[in-house]
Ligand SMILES: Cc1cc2nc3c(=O)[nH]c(=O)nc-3n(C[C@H](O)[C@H](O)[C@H](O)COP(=O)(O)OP(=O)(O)OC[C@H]3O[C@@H](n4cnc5c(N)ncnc54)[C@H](O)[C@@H]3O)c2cc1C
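Given next, in structure tokens, is a single chain: the form predicted alone.
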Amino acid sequence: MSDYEHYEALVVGAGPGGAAAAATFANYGIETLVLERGAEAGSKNVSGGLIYAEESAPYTIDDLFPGFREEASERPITKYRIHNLAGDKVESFDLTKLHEHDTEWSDSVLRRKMDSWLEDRVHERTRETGGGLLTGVHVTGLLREEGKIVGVETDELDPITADVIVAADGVNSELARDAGLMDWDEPEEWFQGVKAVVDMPNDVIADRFDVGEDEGAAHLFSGDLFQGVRGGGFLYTNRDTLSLGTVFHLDSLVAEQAEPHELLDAMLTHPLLAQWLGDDYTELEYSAKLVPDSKKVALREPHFGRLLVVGDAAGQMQAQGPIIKGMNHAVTAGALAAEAYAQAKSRNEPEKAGTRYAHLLRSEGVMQKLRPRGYEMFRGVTEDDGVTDIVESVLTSFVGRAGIRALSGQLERLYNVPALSSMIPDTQTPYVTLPTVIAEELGTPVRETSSVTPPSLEERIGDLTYDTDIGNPHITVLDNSWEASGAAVAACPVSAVDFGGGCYREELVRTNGSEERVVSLDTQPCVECGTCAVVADTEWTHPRGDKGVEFKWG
């Protein structure tokens, strides 16, 4: 083996999954180096976000990091509601029972605050075993010798070798792609999340949401306010801010040619939210990210050679209707990956760490949550186009509407059944048509009037912090024809049709009397979400360490 710097364990990414892996390695006395590409952990990360501690989970974040809830999270979420919308009519259901199923606790978090707190603890604990944590290091790919994975390569450092490598480098994982475990071929396998962090004093939150000091609220939104795009919106209370955002199936976003910032604005300006947002709306940060649909992409065997993949990098994001859990699964997976290596090493079989890790994911019930059997059994029927057309036709008919009215006393109970949520098909029906019909038939009109004026896309981009890597664009358009890459103009969260200040722009090129519609790219405003890697013909990597966008809130 080449004479490179060597560690027993190497963790790429210092989010919750990477932190959990590093802490567990340290607990076993294993020398561990953690590499984080941001200037500080959390500066590249975005989440909705709620973090859960599940009663059935073998590891939780507060078990691994004592004091987490007191020092790193925002508010315990004690109220959980979903709002079905049709125009100005709303019918709301209390989903607290669903929210509390298998839940020890759930807190709202902001990633910059949370991840930077974890970074300090990880650095301290890994130093005790001879390792440490380095920020500003972009891991570009895997190092191989004689065809076998032996380490990683970076932009900033010489290659580093390790006996085991944990890829916790997020949804746009370059390591998972390099190993051939993940790809970006199918838009229907991904969601796109767009988020605004909004300033609101603690006492105002308490008054408007009717919550105490150690209470918080989560609200979900679905129905006809999102231009027919499959997905919905969320609002979470933090300590002295709000997290508001939208999450949509990427294939639906492209099919409807909808612009993410406009869909977010449609929610922010809906009269239902006036009671919470008031007339003093101040947006602190705009951000976006891709979200894997675990039902379709969660890796059953998230390993290859010495590489073990955890969290979003392994597709471990559970987004099943109103069940939205990701960070807790990353924590469990990270800890299980480290445990699997430690156990395999103790048996003098370190090469079996990957298969042991996959076994632990199954035996601890993680894979059943990520890839529920009910969905896999019935999706061939429930997502069939012909069946969907029939369901949509019946639901919107006089008979279907009468059925909704007849079930009015049972709908809230049905929405709280975890097994039903896990089987929700990825069709228009549960995300758009059903909530719209529920609101039309059972809802009451909202009397408030919204006075919210969201910032323009130009203002949102202008308020973000960038350290542009001049001369080193991290995205290259391979085919700039409209047919190959035009979808990015609308789907990119910092681009828009007829907006010249975003990443992707439409251009007309005239040559010899003919006219061609093409796209051009400017990576400076990029928020590194990865959308264009899926919907356009590009070569996509992360920027070099410390470069690109830096999120202050996440």
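Residue numbers here begin at 1 and follow the sequence given. Note that the coordinates shown come from a computational prediction; the quantities given were computed from them, not determined experimentally.
We do not show the form predicted in complex with the named molecule, though everything after this point is about it.
Although the partner is absent here, V310 is a contact residue: one of its heavy atoms lies within 4.5 angstroms of the named molecule in the predicted complex. At the 4.5 Å threshold, heavy atoms of L50 reach the named molecule in the predicted complex. None of the heavy atoms of G233 is located within 4.5 Å of the named molecule in the predicted complex. Among residues of the shown chain, A22 is not one whose heavy atoms approach the named molecule to within 4.5 Å in the predicted complex. Comment: the named molecule is not present in this chain, but in the predicted complex one of G193, G216, P302, G223 has a heavy atom within 4.5 Å of it, namely G193. The partner is absent here; in the predicted complex, the one residue of V366, A86, V197, V291 having a heavy atom within 4.5 Å of the named molecule is V291. In short, of 142 to 150, 352 to 360, 96 to 104, 169 to 177 it is 169 to 177 that has heavy atoms within 4.5 Å of the named molecule in the predicted complex. Taking the named molecule as it sits in the predicted complex, the stretch 95 to 125 comes within 4.5 angstroms of it through a non-hydrogen atom at just one residue, R111.
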